[in-house]
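A lone chain, given as structure tokens: the form predicted alone.
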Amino acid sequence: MKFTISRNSFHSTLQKVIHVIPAKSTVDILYNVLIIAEGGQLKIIATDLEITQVAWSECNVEQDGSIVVPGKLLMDIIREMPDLEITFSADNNFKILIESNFGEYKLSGQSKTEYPSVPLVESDEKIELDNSVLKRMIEKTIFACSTDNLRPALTGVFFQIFEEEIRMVATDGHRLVKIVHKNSGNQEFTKELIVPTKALNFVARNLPEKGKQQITFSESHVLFELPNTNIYTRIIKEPFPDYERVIPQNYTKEMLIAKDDFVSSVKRVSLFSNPMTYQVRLMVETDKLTVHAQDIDFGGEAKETIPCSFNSEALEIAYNANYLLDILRHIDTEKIKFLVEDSDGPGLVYPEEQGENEEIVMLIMPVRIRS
């Protein structure tokens, strides 16, 4: 095989897929990328067996061919080169030569025979979403996913496709986020599935600001078709918890508070919380909120009072500061609606006003108040 391409095009294409390569794997071939040159196009493929990403760009192909190349090494070489013309060639013994005006670099490749094939995703179950909507829904949910591989259903985002709306839900057991996009078109099918967080991170990273993207669902995979790259991911085959049962429907106690004041106060006060629990206590009164943290082991303590509006009697409740801050930072409005019924029940966080064609609710579980 032999092709010529600019360094920037090569680097841009390789950069799209390089993060799919696993940090650790018992399957050595996965540390490599598959390079295919044919029909005036360079195609680079990377996979960790769960996620496969294919990226492509135009190039001048003198001889069609394919070869498996060490991914990180190739990236290190191309990254350090200036933007000039690169000639990439490989012989029948899989010896690779990369040439430029600055010099040449030799490395060894492998046959593509052992490299995993790209999943075949053929289905009539497809949706189309604006890039801005898809990216927003991803960013509003993935932070709440679990990293505990012993609970695989919680390590991804739960997609629900309905006729006139699309929902995405994420939870790790401590917090939960549900975002609904309404008037999303007239899907001719309904579907529920869990998409891994890692794949959605790649999708968000590759999404341009404008345009629409198509998502195709098969029984085992999801395909995201993005500009100059396709991302295939396995579906997590586990039942997702019945999240609707967790979200209370009859709360009457509501606090309205400025988001920036709330976030800043919790950040400062939590510096004095116990490093094992990160507990902050909130005393909500009619016109003020007192944020309090104490580390009994080291004698540190902090307390701040900020204005708020609360429609009930005084109530004290405690949360993990890190989980609380994660929730608050993902609300976009200047003021936050915080619904809570008692010290033992979950808190519900809403924007002061919902966005157009959107409904979002975030839930956080309390922690036991330490005396």
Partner chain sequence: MPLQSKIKILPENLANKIAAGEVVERPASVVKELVENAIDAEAQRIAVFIEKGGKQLIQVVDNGVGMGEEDIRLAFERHATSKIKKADDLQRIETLGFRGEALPSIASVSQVEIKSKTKEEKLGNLLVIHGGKVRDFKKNASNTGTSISVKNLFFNTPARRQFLRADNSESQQILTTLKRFFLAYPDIHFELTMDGKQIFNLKPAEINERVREIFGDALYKDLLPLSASLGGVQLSGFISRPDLTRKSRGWQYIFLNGRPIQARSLGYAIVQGYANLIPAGSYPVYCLFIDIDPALVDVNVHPAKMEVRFANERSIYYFFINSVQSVLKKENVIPSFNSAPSGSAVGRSLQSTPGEIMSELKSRKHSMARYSGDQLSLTYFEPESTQQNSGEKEHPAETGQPENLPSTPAPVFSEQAKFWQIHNRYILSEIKSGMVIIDQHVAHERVLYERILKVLNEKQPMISQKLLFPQKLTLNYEDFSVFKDIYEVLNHIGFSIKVFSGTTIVIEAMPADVKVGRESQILLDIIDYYRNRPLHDFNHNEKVAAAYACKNAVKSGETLSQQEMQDLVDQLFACESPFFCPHGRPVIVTMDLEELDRKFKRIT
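Numbering follows the first chain given and starts at 1. Small disclaimer: the values here were computed from a predicted structure and weren't measured.
Keep in mind that the form predicted in complex with its partner chain is not shown, yet the notes after this line are about it.
- Would its partner chain be touched by all three of 19, 164 and 218 in the predicted bound form, meaning a heavy atom each within 4.5 Å? Checking in the predicted bound form: none of 19, 164 and 218 is within 4.5 Å of its partner chain.
- Query: Though only this chain appears here, would residue 178 touch its partner chain in the predicted bound form if you measure heavy atom gaps against 4.5 Å?
  - Reply: Close contact is absent here: in the predicted bound form, residue 178 is far from its partner chain, nothing within 4.5 Å, heavy atoms only.
- Query: Should residue 171 be counted as a contact of its partner chain in the predicted bound form, where contact means heavy atoms within 4.5 Å?
  - Reply: Contact with its partner chain, yes.
- Is residue 367 a contact residue for its partner chain in the predicted bound form, using a 4.5 Å heavy atom cut-off? Judged by the heavy-atom cut-off of 4.5 Å, residue 367 is in contact with its partner chain in the predicted bound form.
- Message: Since only the chain is shown here, I'm wondering whether residue 130 would be in contact with its partner chain in the predicted bound form (any heavy atom pair within 4.5 Å).
- Response: No, no contact at 4.5 Å.
- Message: Which is the contacting stretch out of 72-80, 111-119, 238-246, 218-226, given heavy atoms within 4.5 Å of its partner chain in the predicted bound form?
- Response: Contact-bearing stretch, as computed: 238-246.
- Query: Just one of 206, 160, 89, 294 has a heavy atom within 4.5 Å of its partner chain in the predicted bound form. Which one?
  - Reply: By the 4.5 Å heavy-atom cutoff, the listed residue in contact is 294.
- Would you mind picking the one in 143, 272, 105, 94 that has a heavy atom within 4.5 Å of its partner chain in the predicted bound form? Comparing distances to its partner chain in the predicted bound form, the residue within 4.5 Å is 272.
- Could you run down 310-346 and flag each residue that has a heavy atom within 4.5 Å of its partner chain in the predicted bound form? If the 4.5 Å heavy-atom criterion is applied to its partner chain in the predicted bound form, 310-346 yields 320, 323, 344.
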